[in-house]
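Here's a solo chain for you in C-alpha cells, the form predicted alone.
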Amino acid sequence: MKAYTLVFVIALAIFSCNSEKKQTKEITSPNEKVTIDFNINNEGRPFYLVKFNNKTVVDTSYLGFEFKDAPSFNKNFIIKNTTTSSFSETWQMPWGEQLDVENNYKELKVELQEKTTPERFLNIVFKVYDDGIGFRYEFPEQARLKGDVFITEENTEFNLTEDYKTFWIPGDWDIYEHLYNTTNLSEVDALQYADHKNLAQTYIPENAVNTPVTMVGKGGTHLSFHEAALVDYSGMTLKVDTENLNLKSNLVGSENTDYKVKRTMPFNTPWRTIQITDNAPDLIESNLIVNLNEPNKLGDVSWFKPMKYTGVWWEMHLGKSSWDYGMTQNMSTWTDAGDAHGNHGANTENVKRFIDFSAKNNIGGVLVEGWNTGWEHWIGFEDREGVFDFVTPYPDYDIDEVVRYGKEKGVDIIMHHETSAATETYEKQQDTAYALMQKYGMHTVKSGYVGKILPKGEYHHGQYMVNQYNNAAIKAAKYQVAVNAHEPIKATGLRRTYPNIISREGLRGQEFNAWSSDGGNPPEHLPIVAFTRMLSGPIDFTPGIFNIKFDEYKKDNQVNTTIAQQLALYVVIYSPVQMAADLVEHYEANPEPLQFIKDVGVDWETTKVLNGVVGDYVTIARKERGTGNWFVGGITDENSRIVDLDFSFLNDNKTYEAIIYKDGENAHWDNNPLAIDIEKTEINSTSNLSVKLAEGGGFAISIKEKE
C-alpha cells in the first residue's frame, strides 16, 4: 500500500553557539512563502516568529514549561546547536480524502541548554511546510533530568499581529459539542458564551478556545491553530488575551492531580500546528496534520472497508423507540414504561428491516445501538461502573441470527459500545468485547463516552482520557476492529499511524437537531465546521435526514437545512463511514433523492475544494477510488447565493453524465426544505454551470463517464 518517493537531505548547516551572542536561526518552506525565525532574548528566553509572504503573522512568541517540584523551564538558555534538513516523500492513504499525499518540508532543530543550574537540556524541532508549520518540544535523555517529569503548564505562545475574524468554540475540558461563535479575536469571551448557553457540562477554567480555531485576516491570510500526534499528553486549549491578541497554551488538567501531564524521560510533546494559506479552500486541502504523524504502524488494514451504513439510532432520538429494553426515553425525560419491550429499537425484526433496506440500496453496514444490557442505568446515574455489558444482548435481540442474516444479504453489522464514560468497566471488558466482534466478523465499532468521566475528577480531554481513547483503538487493531469514537478526544491525525482510527464525532452533531432546546444547529454551523473541526480529521456527522420537520414525532425541532444540503453533506463533510441516518420509511417515500445516497462514494482518490468562504459556503469535488466517478457537494449558510462551477478537474476529451440534485425554486431551510429539483445533463472538462443555493441549502452532483 505504500509508494514512497523519498529524498532526505541533511546537514545544510550545523551551528555551535557556546556564547550568549544572539544569532537568529531561520528556516523557510520549500516554496519560500512561510518562514520561521528562532532566537533567545537577553534573559535566555526562547522565542520564535512566523512570516507568510514576507509579512509577520506570528510575532515574538515565547516557549517553555512549568513543572511540579522543579524550576521553570523557560529562561536562562543558550543555543548549543542548530541543525537544518529537508525532507520529501509521497505516501499513500489506505483510505482517505485522497490516495497520494505529498509530505514536503524543511526542518530546524534547536538544541538548548540552561546556562545556570541545573543546566538541563531541551530541543525544539520546527517543520515548515508550504501550508503552515508544526513544532514540538523534545526532552532528550540526560543526567540532569531523569525519571518522571510532572508538567503543570506548557507556556507556548502565539502572538498575533492582527485582530483576526475568529471562528471558535470555548476551551471546554469536557465536551466539543458547542456551536461556533464568530467574533474578532479581541472579542472572544468563552466564559460569557458558556454561561449564556447554560451548558451544564461545561468546564472552562480560563478565557480559552478549543482547537482547531480558524482565523481570517483583512488581507486574506487564513490561519488555523491545532495540534498533531496527541499521544500520552493532555489536550491543549488556547487561552486568549484579547487585549494583546495573544494565544497561550492552557493544557487540560485533572482534579485528581496537581499536575497536568506526567511523562517519563526521554519524551516528545505533540506538535503545535498553524495552517497558513491565502484562501479558504487551501485550508481544507492541507495535509499538515496527518503529515506530522508517524507512518502506519499497523501494516495491512484491508480488513476495514469504507462504507455507508444505516442503523437503529435516529429513531431513538426522535422518540420512536428506546435504547433500553424496559424504559421509554427521549434524552431529557425518562419515564417508566413497565413492560414496554415492544418499544425497544434494537430487536431482531427491526434490525433485519434495516439490513433488507441496506442490501437493496448499495449500503454496506447497519449500526445497532441499544443491543446490549445496561441502558436502564446510564444517563443521570453516578454509579455507572459495572453497568454496561458489552457481550450480553437483550432478550429480543438474537445476535447470531442478525449476523447470519446480514452475511446472507452482504451487509456488515457495526458494533456499538456505549461506555457511559465508565472507563474502568470498559477497559476490563475490551478484550472480551473485541473478541466477540472478531468471532462474528465485525470490523467496525462505534464507541461512546456520554456523561462525566469515571473516575471522578477526570475530564474528557485530559491525559488520562487521551490514553484511554488511544489505547482502546490500538488494542482494537489486534482484533481487526476499526473505531469510530463519539464524545472523543480531538482528532490530531493519528489515523495515519493507526489507520483503524477511522472517524469520530467531536462536534455538535446531527442529533442536536432532534432535541436541543435552542432549536438545533443553525444553517451557518456546517459551513463553519468544514473550515474548523474538519481540518483535524474525519467527522461522523450522520447526514441524510429527509424528514426535515419530524412531523410524526416532534413539533418543536427540525433539521435546519434543505434536503438538497443533506445530500451535499456526503461529499462536503468527510468520513470513510457515512450514515444514511433517517428512517427506512422516509427513504422509501423519497426514492429520487435516495438515488444520490445509493450512488455516492465514501473512499476517495482525489479531493478538490472548488470554492468557499469560512462560515458562508463551500463546494468540494471528490473522485471515487476504483470507479473514477466524481461527486460534487456544495452548502451555504442562511444566505441564498449562486455558485459558479467549472469542471476542469475532469479528464480532457471525455463526456460525462451529470445528475444534479439542487434546491427547488422556492426552497428554504425553514419554509420549504423539501423542495428539490433533479436534472440530468452532459458535461465535459470545459463545461461551466451556475447553481443557485437556497437559504440553508445546497446541491449535490454525481458525475459518471459516458460509455
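Just so it is clear, the structure is predicted and the values come from calculations on it, not from any experiment. Residue numbers here begin at 1 and follow the sequence given.
Quick note: we don't show the form predicted together with a small molecule, though the next part is all about it.
The candidate spot formed by Phe135, Glu154 and Leu251 lies out of contact with the small molecule in the predicted complex, as no residue has a heavy atom within 4.5 Å of it. Comment: 317-325 is the region of 156-164, 317-325, 180-188, 621-629 lying near the small molecule in the predicted complex, near meaning a non-hydrogen atom within 4.5 Å. Think of it this way: in the predicted complex, the small molecule has a heavy atom of just one of Asp130, Glu511, Asp282, Glu89 within 4.5 Å, and the residue is Glu511. Note on the partner interface in the predicted complex: the residue among Trp378, Tyr203, Tyr587, Tyr498 having a heavy atom within 4.5 angstroms of the small molecule is Trp378. The shortest heavy atom separation between His486 and the small molecule in the predicted complex is within 4.5 Å.
None of the heavy atoms of Glu227 is located within 4.5 Å of the small molecule in the predicted complex. Shown alone here, Met265 lies farther than 4.5 Å from the small molecule in the predicted complex, counting heavy atoms only. With a 4.5 Å cutoff on heavy atoms, His344 does not count as touching the small molecule in the predicted complex; it lies far away.
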